[in-house]
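Listed next as structure tokens is one chain, alone, in the form predicted on its own.
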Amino acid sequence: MSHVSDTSKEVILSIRDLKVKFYTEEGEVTVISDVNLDLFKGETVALIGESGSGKSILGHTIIRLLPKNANVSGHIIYKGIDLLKIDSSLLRNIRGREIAWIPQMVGSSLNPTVKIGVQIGEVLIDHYNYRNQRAWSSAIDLLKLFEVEPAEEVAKGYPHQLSGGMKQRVLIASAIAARPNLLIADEPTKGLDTIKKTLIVNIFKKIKDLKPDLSILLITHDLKFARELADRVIVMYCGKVIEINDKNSFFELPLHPYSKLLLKSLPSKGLYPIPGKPANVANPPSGCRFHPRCPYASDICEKSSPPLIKLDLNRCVACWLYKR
């Protein structure tokens, strides 16, 4: 079995046999390989892994925001619709209204020439035909909810007048304005200090209170943030999903050797660095891609890539230790 699928829960997004390649001057590079997973209605999933693991590319692939040199195969099914097969006009109706995206690059994601209130309200005008004044009022309400004060003055201002933390909250407000069914947040705590990270955690909790059936995919390297908010954890390494686990099990008894070392590298666990260098997705190792850094590696790990093995209803792992 290649993925976790709990039949008691409603699947909102189903990814099957997903592969993403980039065509470059140096040749073809496969950045995501054979990803299979389900996201359930109302759950929050943390997608974690080191830089270069492919987690942000997976988020971009879901909403089809990849560069032109990308080639994507497989299926991404949302409400019975394969997002990889629909035309751009239908995709525009879904993106922003039903599936929202919070980008990683805060500084360049807001239009410097458009007022904050207009930028938050434009999704309501585009997708719900709100009149300008109603959209403006909704924008102010969201700024107040997310503690961007004084909301009326901020709405009249421009991005350059805001701090990084305030810009992040404006982006979240823009994403959530249309009350989407699925929210994908790419590194929402990146570059923020501890106090601002706590504020972002509280904002995501408010979002869930506002819309309990909202599904959230948190793409993050911030394990503390993941522990605060996630119901499940998905671990990626060098373009592959190597562990799917419920949050409590992951942080108490992680399955994959990489996951165990990742948790040991936290300051609270002693700050032990993971040995070796992250695998290069352009030239990955043979077999299990983690084997050059793994303390448990054996001959089979070097020769053959382990499948994602289903251990029970909530846990999967790609490691030959579990096949033995």
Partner chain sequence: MGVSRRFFVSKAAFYISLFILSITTVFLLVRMMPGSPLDYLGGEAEDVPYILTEEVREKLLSYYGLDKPLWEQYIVFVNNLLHLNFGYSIYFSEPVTRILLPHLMRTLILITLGFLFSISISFPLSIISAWRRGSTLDTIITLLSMSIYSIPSFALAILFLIVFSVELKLFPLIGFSAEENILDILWYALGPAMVFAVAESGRAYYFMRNSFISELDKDYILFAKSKGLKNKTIILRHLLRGSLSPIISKLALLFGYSLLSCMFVENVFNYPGITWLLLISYEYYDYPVLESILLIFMFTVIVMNAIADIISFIIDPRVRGGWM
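Positions refer to the first chain, counted from 1. In this text, all values refer to a predicted model and were calculated from it rather than measured experimentally.
The discussion below concerns the form predicted together with its partner chain, not included here.
Whether Ala226, His256 and Arg315 jointly form a contact site for its partner chain in the predicted complex is the question; each needs a heavy atom within 4.5 Å.
No, the candidate spot makes no contact with its partner chain.
Based on heavy atom distances of at most 4.5 Å to its partner chain in the predicted complex, which listed stretch, 215-223, 228-236, 99-107, 196-204, is the contact stretch?
Looking at the other structure, the answer is 99-107.
Partner-contacting position among Leu142, Val123, Ile244, Val154 - heavy atom within 4.5 Å of its partner chain in the predicted complex
By the 4.5 Å criterion, the partner-contacting residue is Val123.
Pick from Arg92, Lys211, Lys190, Arg134: which has a non-hydrogen atom within 4.5 Å of its partner chain in the predicted complex?
Comparing distances to its partner chain in the predicted complex, the residue within 4.5 Å is Arg92.
Going by a heavy atom distance of 4.5 Å, is Asn111 a contact of its partner chain in the predicted complex?
Yes.
Though only this chain appears here, would Leu65 touch its partner chain in the predicted complex if you measure heavy atom gaps against 4.5 Å?
Output for Leu65 is yes: heavy atoms within 4.5 Å of its partner chain.
Is there a heavy atom of Ser249 no more than 4.5 Å from a heavy atom of its partner chain in the predicted complex?
No, Ser249 stays farther than 4.5 Å from its partner chain in the predicted complex.
Do Ile76 and its partner chain share at least one heavy atom pair within 4.5 Å in the predicted complex?
Close contact is absent here: in the predicted complex, Ile76 is far from its partner chain, nothing within 4.5 Å, heavy atoms only.
Contact set, 159-176 vs its partner chain in the predicted complex - heavy atom within 4.5 angstroms:
Counting only heavy atoms within 4.5 Å of its partner chain in the predicted complex, the contacting residues of 159-176 are His160, Leu171, Ser174, Ala175.
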